[in-house]
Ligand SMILES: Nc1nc2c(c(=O)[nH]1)N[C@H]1C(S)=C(S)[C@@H](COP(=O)(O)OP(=O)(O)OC[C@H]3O[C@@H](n4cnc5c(=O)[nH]c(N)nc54)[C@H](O)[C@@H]3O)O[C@H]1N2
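A single chain comes next, written as structure tokens; it is the form predicted on its own.
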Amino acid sequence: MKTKTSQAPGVETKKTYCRICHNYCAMEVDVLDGKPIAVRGDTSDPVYGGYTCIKGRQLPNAYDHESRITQPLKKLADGSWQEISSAQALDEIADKVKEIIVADGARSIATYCGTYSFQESAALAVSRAFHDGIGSPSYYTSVSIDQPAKGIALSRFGVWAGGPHSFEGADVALIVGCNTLISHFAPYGGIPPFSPRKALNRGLKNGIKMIVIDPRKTEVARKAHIHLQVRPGEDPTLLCGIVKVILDENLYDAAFCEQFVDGVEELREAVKDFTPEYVELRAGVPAELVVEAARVWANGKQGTATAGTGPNMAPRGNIMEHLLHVLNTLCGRFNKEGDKVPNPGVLSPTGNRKAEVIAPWAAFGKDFPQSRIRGLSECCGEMPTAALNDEILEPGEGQVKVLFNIGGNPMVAFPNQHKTVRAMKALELLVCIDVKMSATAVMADYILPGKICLERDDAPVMADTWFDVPYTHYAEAIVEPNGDLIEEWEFYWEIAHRLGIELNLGGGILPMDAAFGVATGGTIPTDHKPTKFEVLELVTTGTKVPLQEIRAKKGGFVYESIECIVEKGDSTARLQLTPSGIESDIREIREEKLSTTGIPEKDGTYTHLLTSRRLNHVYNSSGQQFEAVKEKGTTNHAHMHPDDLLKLALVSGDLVQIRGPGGRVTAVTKAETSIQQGVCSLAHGWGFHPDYDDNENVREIGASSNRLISDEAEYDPISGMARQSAIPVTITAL
């Protein structure tokens, strides 16, 4: 997609968008002889306006960095690596997969889709189709690690078909544990991440009232009118208190609830004991602030309550997300009949929104594929990742023997790292698609080098309705592949090709190679190996604008002709404030025994609660190899209040040992006044592999927070997700 020629001889400037994270920043890239030499934000883009972050600006370095794997690698018996061709690797992998399916059944073949696979716009659809094709339910993604509660809550609550309010135009916002200025993550109604500082400042200038619930005084919390500095893990307690104030003072939209909602009185009874004084004792938020926040939220006219991954990873994420839907519903924070939907999606199917409820649906339980571990089941379309290690280690029918790891790094992502080591070693076949020798790739039998985003076509399928306007951007490959590379979707097509498996993407069946079709009797379409564009056409069947037309645009584009007005509804379904299990969940919180200081007794033997956080210069375990990133820091500090450090006779930069339910790590301290005493904040995604590091190099590679986590001591009974934030820990000086 050539846009202009630089003054430098031979240099072409091409438009694309970044796919290092889910923010998809529009960029211009200077290309010379098929290689990227410079990148910058696209100032002409109507949404991003030139915004990028340090991670995306490393793409030219990522293309030919010394750490990059550019040729498929096969691990030999002595542990060394041999370079082979992708054709040989795929042949050998397919033969092994076929052998194991025959011997142990299709369920023995598993996929883990990590965060990066969500940025490769065909990976999820094609990998899912592969599992459907072979009949294996062993499909796992990072969603069930950090935020399964979002899907669980919606399935039990129901969905307002008109959609929620957006941040743009809102007069109030309630944000729980989401620091968009750093994470670039914004659930529906949160601060738009597409140049988030500008969006936030614009909202504040227009009069929005910001209520932020967070254990830290984050970059977003510093902008808030009300910052509720909650004790880690007590978000549900605080939200119950806010709900109680709204109900007690009749601040809710009674007419909307009468027409569309069930369970108001049952909810009133459930939260009756969550007085502001009790919330103050337990959650650490002054009672008067609880009341003020409830009134400011309820008296607003437009705005959404939403949460980030942090409180989802803490205990009781399901009830926390449910209570956010309660707050939005009680105050009628939805697009209603006659309202204009700011962005109904461009790549989404055609159709209008209605002022009605989409009824709750079954998303987990006895009628879904069952895990062999802890009584769990498939949940919201995938098996629980927290149980994957045990599915590999537990012998018997259904044991996972093969794992395809695409776009992920389980060794630093899964809870309980030592168990993850045992599980990865127990596999008969581990295949990683990766661009570097990650902590998981070192354990693989085959490493297939993946393409970086500049080397492939993509469309922002996942983010289609996240934008506040009907915007999209088709990005074509703009540089030559640097090696014998493969895309994630392509890997599954190649294995399916060799096994004779049909890949149905909903919009149609992917074509297979003609020669292969003849060899198998012609039962599968025999056109050719599809192009990425052809795959994406099937993934996005029914788009409001044809994908061909979107591809023809140069850069991102707002389709102002797409307009959606919420129509009158006709469904009799109702939103459920107290579906089965919710009242008992709330009662369980209230009945939990507390110490004299208000801390739950079960955590009283520990000295601190450790919370997760994100850092602006890295994306989970990615980016740490680049020099510009290293200048920002080479470790994930254990941020602690200065008084806590003083008690341990420590200063910033000293080493501490952090011990949690799952193990211990060494970390580098850093004083931070924005957190309270008794709290420690540590970014996840750092560290490496316990067989390769012994904590002595923590200043160079950081500490792996998942070594602290037990996936058996405390976990969600629906998703199986372990307690991965608000982790009880004891910190001692070294």
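Bear in mind that the values here come from a model prediction, so they are computed numbers and not experimental data. Don't overthink the numbering: it's just position in the shown sequence, from 1.
The same protein also exists as the form predicted in complex with the named molecule; that form is not shown, yet it is the one meant from here on.
Q: Which listed residue (T540, N389, S183, S138) meets the criterion of a heavy atom within 4.5 Å of the named molecule in the predicted bound form?
A: It is S183 that has a heavy atom within 4.5 Å of the partner.
Q: Within 4.5 Å of the named molecule in the predicted bound form, heavy atoms considered, which of N335, S371, S108, T309?
A: Answer to the contact question: T309.
Q: So, in the predicted bound form, is I586 in contact with the named molecule at a 4.5 angstroms heavy atom limit?
A: I586: no, not in contact with the named molecule in the predicted bound form.
Q: Evaluate C379 for contact with the named molecule in the predicted bound form, applying a 4.5 angstroms cut-off between non-hydrogen atoms, and reply yes or no.
A: Judged by the heavy-atom cut-off of 4.5 Å, C379 is well away from the named molecule in the predicted bound form.
Q: Considering only heavy atoms, tell me if P384 and the named molecule come within 4.5 Å of each other in the predicted bound form.
A: No.
Q: Decide whether K436 counts as a contact residue for the named molecule in the predicted bound form under a heavy atom distance cut-off of 4.5 Å.
A: Yes, K436 is a contact residue.
Q: Counting only non-hydrogen atoms, choose the one of 258-266, 335-343, 408-416, 588-596 that falls within 4.5 Å of the named molecule in the predicted bound form.
A: Residues of 408-416 come within 4.5 Å of the partner.
Q: Do all of K98, T420 and E494 end up near the named molecule in the predicted bound form, with near meaning a heavy atom within 4.5 Å?
A: Negative, none of the three is within 4.5 Å.
Q: Which residues from 594-633 come close to the named molecule in the predicted bound form, meaning a heavy atom within 4.5 Å?
A: Contacts from 594-633: T611, S612, R613, R614, L615, N616, V618, Y619, N620, S621, S622.
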